[in-house]
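Starting off, we have a lone chain in the form predicted alone, written out as structure tokens.
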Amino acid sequence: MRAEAKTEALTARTAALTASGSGWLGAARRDAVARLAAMGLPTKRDEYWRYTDPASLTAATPEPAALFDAGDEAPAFDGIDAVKLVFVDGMFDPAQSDDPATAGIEITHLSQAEGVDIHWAREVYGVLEARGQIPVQRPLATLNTAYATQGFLIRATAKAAKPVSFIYHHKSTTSDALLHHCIKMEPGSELTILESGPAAARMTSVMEVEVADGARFHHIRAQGRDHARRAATHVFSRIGAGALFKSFTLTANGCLTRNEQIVELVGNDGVAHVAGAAVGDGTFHHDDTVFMTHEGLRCESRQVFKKVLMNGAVGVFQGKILVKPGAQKTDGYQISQSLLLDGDSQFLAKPELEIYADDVKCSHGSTSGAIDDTALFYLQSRGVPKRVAQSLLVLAFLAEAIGEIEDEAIAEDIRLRLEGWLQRHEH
């Protein structure tokens, strides 16, 4: 019965979709269609979906999401000098975008790779996603590989002249976006990718990132504030020797967000840091699911996730560190914490360690609690108004996650957005 439900959901979800394309890209899509048929779509009975109901993500059509007016607030990262690539309801809009060539790296839209037999992305598109299906199946990512026609292929051979900023606008209340980006970092290269905006009423995205030896990759995103939006995102990364991968996500509002990070440290002395700060009010369900695999020697990983929840909001964290045989001198750190601003909100956590090497340093911790009354009293006794004191303590709670952002200008932009959210949701 369970397998039948998965198949029925898949049939309904893909009825209006076509795995188009020729050449290597068409072959990758057809392979994904075959893999997806064997999986079906997830249900709440699946182990890694037990805390998050995927029904609205797998439904044949998205639930309508009202458009959100941000007023006079500037878009995220608006003050950062970056090459802007704009999508409206999941479709690339060249008229609103910058010339990709100004980034000093190779940037190609997926449509430009159609029919090409030889392309570097052949070794990345769908490849990292397929690797990430073991040991846990991620059918929504495979669905994306099979049917996404919008996204960019980016290859960096040196340090990029500017960050690349993907800007996602939501204009239709029933839009359904499938976005797929592939990024290949050649040895010694460096690039920062920014993502911002709500994208669509429902968005399913995949980003595959190959970070070669000695390369440095930074990923910072601010997920849109539309209250009714739904999103399932996946970042698959493979990290080479001496390479750096850092990803940070700010999530404010949205009724359902599922962010998955699947990281493979395959080279020696690699570093991977994944972090997130989420703030939610009311009908807010936010799920971070992370799978960190150590294969190389002396690799370092960090998972730092903080959630601030109020008025019945729900936060979920599922994080795993897998240390394979021979991955000696591994340094793995995982922390997930929630700050509950009332008695109605809840935080559900499932931290895991699976270690097959004997010379490692791995730790994980998960806590949930309210604002520290002693700290609040101390600030008030120094003349700080209660609401201001509460906001200061919330920002201090989130500071460890924000500290994972290396670029101080981007980190300050994130702090200002959090301060604005707190002002609008005074508790």
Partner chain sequence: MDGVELEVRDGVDRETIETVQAMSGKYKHGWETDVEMDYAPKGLSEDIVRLISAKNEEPQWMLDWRLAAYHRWVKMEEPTWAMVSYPKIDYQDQYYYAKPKSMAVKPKSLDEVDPKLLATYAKLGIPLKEQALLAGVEAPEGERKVAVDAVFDSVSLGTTFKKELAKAGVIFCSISEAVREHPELVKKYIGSVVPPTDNFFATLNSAVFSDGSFVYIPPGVKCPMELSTYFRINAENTGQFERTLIVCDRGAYVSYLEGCTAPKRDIPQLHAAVVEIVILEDAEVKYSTVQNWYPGDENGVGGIYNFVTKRADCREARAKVMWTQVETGSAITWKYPSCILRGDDSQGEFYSIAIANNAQQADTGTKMIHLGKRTKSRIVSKGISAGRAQNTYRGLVSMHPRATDSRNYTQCDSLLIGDKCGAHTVPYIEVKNNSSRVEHEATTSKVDEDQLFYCRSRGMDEEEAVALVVNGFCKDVLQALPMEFAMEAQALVAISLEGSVG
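Residue numbers count along the first chain shown, from 1. Here the structure is a predicted model, which means the values were calculated and not measured.
Unshown form predicted in complex with its partner chain; subsequent notes refer to it.
Check your understanding: Even though its partner chain is not shown here, does residue 51 get within 4.5 Å of it in the model of the complex, heavy atoms only?
Key -> Heavy-atom contact with its partner chain at 4.5 Å: present for residue 51.
Check your understanding: With a 4.5 Å heavy atom cut-off, would you call residue 74 a contact of its partner chain in the model of the complex?
Key -> Taking the distances in the model of the complex, the answer for residue 74 is no, it never comes within 4.5 Å of its partner chain.
Review point. Might residue 343 be said to contact its partner chain in the model of the complex, defining contact as any heavy atom within 4.5 Å?
Key: Yes, residue 343 lies within 4.5 Å of its partner chain in the model of the complex.
Check your understanding: Can any non-hydrogen atom of residue 351 be found within 4.5 angstroms of its partner chain in the model of the complex?
Key -> Residue 351: yes, in contact with its partner chain in the model of the complex.
Exercise for review: Could you spot which one of 147, 347, 92, 291 gets a heavy atom to within 4.5 Å of its partner chain in the model of the complex?
Suggested key: Contact residue from the list: 347.
Check your understanding: Among 136, 158, 355, 101, which has at least one heavy atom within 4.5 Å of its partner chain in the model of the complex?
Key -> Contact with its partner chain in the model of the complex is made by 355 alone.
Practice item. Could you tell me which stretch in 223 to 231, 193 to 201, 165 to 173, 333 to 341 has residues with non-hydrogen atoms within 4.5 Å of its partner chain in the model of the complex? Key: Heavy atoms within 4.5 Å of its partner chain in the model of the complex occur in 333 to 341.
**Study point:** Members of 354 to 380 lying within 4.5 angstroms of its partner chain, judged by heavy atom, in the model of the complex
**Key:** Heavy-atom contacts within 4.5 Å come from 354, 355, 356, 357, 358, 359, 360, 361, 362, 363, 364, 365, 366, 367, 368, 369, 370.
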